[in-house]
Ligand SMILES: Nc1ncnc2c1ncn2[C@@H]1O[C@H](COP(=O)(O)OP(=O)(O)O)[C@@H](O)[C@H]1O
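The chain below stands alone and is given in structure tokens; this is the form predicted on its own.
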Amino acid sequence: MERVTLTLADVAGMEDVKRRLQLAFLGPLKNPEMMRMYGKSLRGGLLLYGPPGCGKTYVARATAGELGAKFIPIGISDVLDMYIGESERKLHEIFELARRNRPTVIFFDEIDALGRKRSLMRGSAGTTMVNQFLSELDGVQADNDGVFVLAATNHPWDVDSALRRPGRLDRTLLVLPPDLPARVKLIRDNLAFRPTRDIQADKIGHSTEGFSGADLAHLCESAAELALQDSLSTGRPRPIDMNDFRTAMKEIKPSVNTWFDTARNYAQFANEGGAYDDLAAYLRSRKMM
């Protein structure tokens, strides 16, 4: 378990993401008395989805900080086990740990690997795992009040539909590539402890629309490598400048385009119940659909 000090105020840009979090998740959970007045349970589940490298884990940590809750990050290796029944036991222990230390946010990264559609599975082990997940989310044998479940995936269409029914991971939030204020902040953060000269972060931000946070980190790393190579060849250290970024940008392109090519098919032809309306609206605004 972690005690998170990060809050949404530390997340640059992403105003639409913050607004939706407040309306659909944080607002009700931060007002428990009002929730009880309207007969709402103090439990919740939210699925974050979007292209890889766009800050879903960062947003999940900030959400835990906003709630003042302990944070339990869970990866695939924390649950999956080669021995029969061990994965289910580990998953149960994770929820029991959260229940003993509530309020707690459990964050499942790559939920599509743990809660994959049972129709896509060949063996029974994966099906049993999904069934255990459903049992824990429903709180069949325990009270889940004060236990909040966040999950992230790059492939929401592979998540079992039962996990997304009301009372489980019934709210979804699309996390897109960072907007201009977020890109500028990410560039400045990545250069904060490196020698620079006349870096125009705003100009770089305007030139990197569609870049993920991981792409921007890679861009800054590549610019630093160019400055380092030049310093080694001349024997005189020099700071990173705009020429390094111009050279690096000729080689580095947004990595999320492949994801959007796949996502467009689901938004266009498999948008059952309006699950991907936000994605469809974004694709249309960018003339990608």
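Start at 1 with the first residue shown and count on from there. Source: prediction; values computed, not measured.
Although not depicted, the form predicted together with the named molecule is the subject of the following passage.
Any idea which of 68-76, 202-210, 89-97, 182-190 reaches within 4.5 Å of the named molecule in the model of the complex, heavy atoms considered?
-> Result for this chain: 182-190.
Answer with one of A275, L21, M14, A280: the residue that has a non-hydrogen atom within 4.5 Å of the named molecule in the model of the complex.
-> Filtering the options by heavy-atom distance leaves M14.
Identify which of L80, A113, A214, A162 has a heavy atom within 4.5 Å of the named molecule in the model of the complex; exactly one of them does.
-> Only one option qualifies, and that one is A214.
Applying a 4.5 Å heavy atom distance criterion, does G45 contact the named molecule in the model of the complex?
-> No, no contact at 4.5 Å.
Any chance C54 has a heavy atom within 4.5 Å of the named molecule in the model of the complex?
-> C54: contacts the named molecule in the model of the complex.
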